[in-house]
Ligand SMILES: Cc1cc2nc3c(=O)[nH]c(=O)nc-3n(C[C@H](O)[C@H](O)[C@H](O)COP(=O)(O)OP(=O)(O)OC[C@H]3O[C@@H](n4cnc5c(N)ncnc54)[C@H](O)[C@@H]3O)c2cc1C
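Presented as structure tokens, the chain that follows is alone, the form predicted alone.
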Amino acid sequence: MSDSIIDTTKMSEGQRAALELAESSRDTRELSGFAASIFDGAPDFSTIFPFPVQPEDDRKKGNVFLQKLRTFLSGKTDPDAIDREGEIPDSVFEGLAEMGAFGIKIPQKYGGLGLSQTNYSRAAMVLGGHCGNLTALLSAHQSIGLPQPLLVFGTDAQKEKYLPQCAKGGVSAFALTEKEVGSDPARMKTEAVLSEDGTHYTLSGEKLWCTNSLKAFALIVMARTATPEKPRATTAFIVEMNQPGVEIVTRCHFMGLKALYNGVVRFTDVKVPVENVVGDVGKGLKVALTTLNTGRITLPAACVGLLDRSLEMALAWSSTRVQWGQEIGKHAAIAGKLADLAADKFATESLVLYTSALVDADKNADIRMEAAMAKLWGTEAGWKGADSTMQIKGGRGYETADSLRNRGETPDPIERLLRDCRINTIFEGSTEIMHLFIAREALDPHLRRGAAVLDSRKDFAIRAQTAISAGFFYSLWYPKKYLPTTSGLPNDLDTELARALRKVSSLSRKLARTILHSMARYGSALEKKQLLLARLVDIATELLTISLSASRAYALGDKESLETARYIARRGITRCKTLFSENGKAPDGAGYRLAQSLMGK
């Protein structure tokens, strides 16, 4: 029986297996930090003021690498050709390896650059506005390939053997998804069986959508290592691609990222030494989830670069294209899109820099919420920004860069960037999965205090005691969620931003009350109210975005940053009010019933 705090006795076998496996792999630390405090209705702004500015010496180290990267990208790479031909030239691999781009965060003692998370995120921003294929190559290798899991969970021997290869340009990959398994690892079929002499595992199975697999020298592979006690336990393994039994079945091709080296990998009786287990046996999903926590920051970081490039193209066109007697940027419909582009770029950058700073301050920092919310908000903003830029440029946005170039016009690659960025809302946890992940974490403090009351597995005495304890706690907690208090704001904060953050505090308290009301109303059925949960998560994410944007604008102090943060606050508060108004009014139930009838259910 799982030690999950959620009662699974009324679930189907498949639901129970999926939830218990996910629960057993969660980070069990109690949530802390500013994002968690928003859900609790008690945001302490002193934790984000002043905004964590990157130390000057660390910034200078990053600048040296970033200058090399920018020079190489602009002079030695052709993103349109890479997109057109579906291949990254060998010379590009070699150039990136020579400058250390495959080992940005790998410590210098293993041959890497040893740069900070913030500098890694800054590199992703540079790449994100240039070429999606190169961004995916480097991020899949470093964020979820061998480097990140080994830095966190690897043994000294594993680090010494594999990290130098990664730093020199040896590409790595991550293998989790299967044909029938996306976000539900309880159904995983790939299996590893320990040999009788205990020296190796025999691995068999097939993995889908394994990015970088066609170029990789080694993979992190997730496989079932079943025991009678834990029939669905998973373990992470290092598997070298040249081992007998490892086969690339096919290369996958997509709407965008035409040079993505993504394939189906089959493992047939592959012998994996026991020393290639990453982390503990049976803790593979924990390795994967922990790796993804940090790895997720890369996607919104790349979206910052995408939004910056989109804004640059949109402004250039809007300030020179004349329609109806004036530049199109003076028309309100276009001006609104330009404002949103600038706001989304600033806000996403604030989310990324703040979360990266948390990692740099403490490698073991709990960034579950911040990383997931940055991924959720930033990737959606990136997609909308690219779409808006195409709309602003009209037919020239829809036309390929090659075609524009052939006609003698500026070859803005919005069509390519739009295709390439669409995957970001799906990669490493789709928007829908992020909503559920964040909601589960947000509900955790309440579940810890009161879930046992409704848990039929518990003795009556335990349930009664929990009810008494929870009742006492909430008798003190609940009234505070109506008190108009705001703490931690600087005395000299811009007047409008200060007013906005007091409103953020008020909306945060309303959010906390709404979460508790929803749990009381729906009980264990709340997990099925996915659209309701998504709206609550979106409210919290808007509040986080407003707060971090205001803090960063205060730190920067320039007129444009302050004006941008004010717009982000006005827009975000309006969005939150709309989301709150939809609770209880949106036709969620009718939509669900319609969908079931369409499916014949």
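Numbering starts at 1 and runs along the sequence shown. Just so we're clear, the structure is a prediction, and the values are computed from it rather than from any experiment.
Keep in mind the form predicted in complex with this ligand is missing from the figure; the text below concerns it.
Trainee: Sort through 67 to 75, 322 to 330, 429 to 437, 243 to 251 and report the only stretch with a non-hydrogen atom within 4.5 Å of this ligand in the predicted bound form.
Mentor: That would be stretch 429 to 437.
Trainee: Is there a heavy atom of S508 no more than 4.5 Å from a heavy atom of this ligand in the predicted bound form?
Mentor: No, S508 sits far enough from this ligand in the predicted bound form that none of its heavy atoms falls within 4.5 Å.
Trainee: Taking 4.5 angstroms as the cut-off for heavy atoms, does I414 touch this ligand in the predicted bound form?
Mentor: Result no; I414 lies far from this ligand in the predicted bound form.
Trainee: Check whether F174 has any heavy atom within 4.5 Å of a heavy atom of this ligand in the predicted bound form, and answer yes or no.
Mentor: Within the cut-off, so yes.
Trainee: Since only the chain is shown here, I'm wondering whether N262 would be in contact with this ligand in the predicted bound form (any heavy atom pair within 4.5 Å).
Mentor: Yes, contact at 4.5 Å.
Trainee: Which one of S195, Q530, T268, Q391 is close to this ligand in the predicted bound form, taking close to mean a heavy atom within 4.5 Å?
Mentor: None of the others qualify; the residue that does is Q530.
Trainee: Considering non-hydrogen atoms and a 4.5 Å limit, which listed residue (L138, A167, L127, C210) is close to this ligand in the predicted bound form?
Mentor: In short, C210.
Trainee: What residues in 135 to 167 sit within 4.5 Å of this ligand in the predicted bound form, counting heavy atoms only?
Mentor: Just I144.
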